[in-house]
Ligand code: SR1
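Heads up, the chain below is alone and in the form predicted on its own; it's given as structure tokens.
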Amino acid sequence: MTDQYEFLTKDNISKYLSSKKVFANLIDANSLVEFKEVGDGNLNLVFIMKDSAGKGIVLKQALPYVRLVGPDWPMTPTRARIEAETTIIHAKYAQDLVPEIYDYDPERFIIAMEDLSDHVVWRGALNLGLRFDGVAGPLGKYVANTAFGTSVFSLGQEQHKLEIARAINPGLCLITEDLVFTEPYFENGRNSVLPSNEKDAQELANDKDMVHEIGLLKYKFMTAGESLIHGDLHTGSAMIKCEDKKVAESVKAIDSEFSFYGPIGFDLGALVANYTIAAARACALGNVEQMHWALSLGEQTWVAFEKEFRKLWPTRVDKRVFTDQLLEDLIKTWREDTLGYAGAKMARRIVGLAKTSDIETLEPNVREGAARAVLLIARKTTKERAQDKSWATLAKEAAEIIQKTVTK
């Protein structure tokens, strides 16, 4: 049984490190001077250890249930294997943008990886009103390189299909299918909003055009095995290092346990959604300049993605019918998907389970308007995703909604 294994604790972690030769040169298990449990996410245990020489390591252990809820929501811990394998594969195409994996323990579902304690979680920095440039673009580049590298254009027909089979991840895909695409529109008891936002949530669920678009997006999420996507890419799964407090010198995409072969636009949309949520928070706190900056990040990510994918396109393995015109059509489709998934992710973060600290840590008197603004932008963005609007226009429209709604 996968639920019958020992969990890591402060009392047994030194023994665990000593038991595996792979750690011998990475950290001195007998001279640990720092120990932190930093698993503030929804699923796992995460420990950071440092020894007396300053060497560090991170151990991440998957629990047999959703940590946010507890044993009442069981979940296979083999998701740790998916994360370890995906990170290693993504490192082939974007090595500087993911943490190094040292080891994976399939018996206790533990990933040992690079210590990123000199980095900070980007969401936390955004919540503090900090403005780091040089993050949104590299994340777009990360999506492009990993998307192309794991696609049929790079792998060829046979290897692509084998990789789809290897990376199947039904348990965590089901979470996304439920929490992102279904429950915000068909209540099952896990949704929650402020009483003053109940009308907004009901209007979302009653929006037939929105539900139709969400159905199309969910179908594509479930059936389009385009590339090995991260599956949960957002400002909370990006670690950044910024010495001068202005431009990030290191960006790392972490926590890819939701990874599977899915639609390329999903990861891009998740990023755009979280930029919008960060913008709503900034405006709610009176920082309009920060709001406009956050809304400009979507264009930065998309431009970097498109530029990098176009640069890789000439290396595709089959040029017979995969023509340059096909790429133009794909780019157009992926942009529409990006906007559609952005709206879906915005809505779920306001109405559904597992919200964002950007909104939830606001005082209720300003949280109400920020949440309402995000839901209005979600509906507009998804329903109008096929319209040929510039990124500047999209940012302007979002800013107008936020300012009008938050300050009401």
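One-based numbering along the sequence shown. Worth saying up front: this structure is predicted, and the values here are computed from it rather than measured.
A second form of this protein, the form predicted together with the named molecule, is not displayed here; the remarks below concern that form.
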Exactly one listed stretch (341 to 349, 362 to 370, 29 to 37, 378 to 386) reaches within 4.5 angstroms of the named molecule in the predicted bound form by non-hydrogen atoms, and it is 341 to 349
Picking from D232, D200, D337, E213, the single residue whose non-hydrogen atoms come within 4.5 angstroms of the named molecule in the predicted bound form is D232
So which of L179, V303, L155, I331 reaches within 4.5 angstroms of the named molecule in the predicted bound form, heavy atom to heavy atom? L179
Should L45 be classed as touching the named molecule in the predicted bound form when contacts are defined as heavy atoms within 4.5 Å? no
Even though the partner isn't displayed, in the predicted bound form is Y219 close enough to the named molecule, meaning a heavy atom within 4.5 Å? no
In the predicted bound form, does I175 come within 4.5 Å of the named molecule, counting heavy atoms only? yes
Is F186 close enough to touch the named molecule in the predicted bound form, meaning at least one heavy atom pair within 4.5 Å? no
Just give me the residues of 313 to 346, first to last, that have a heavy atom within 4.5 Å of the named molecule in the predicted bound form. none
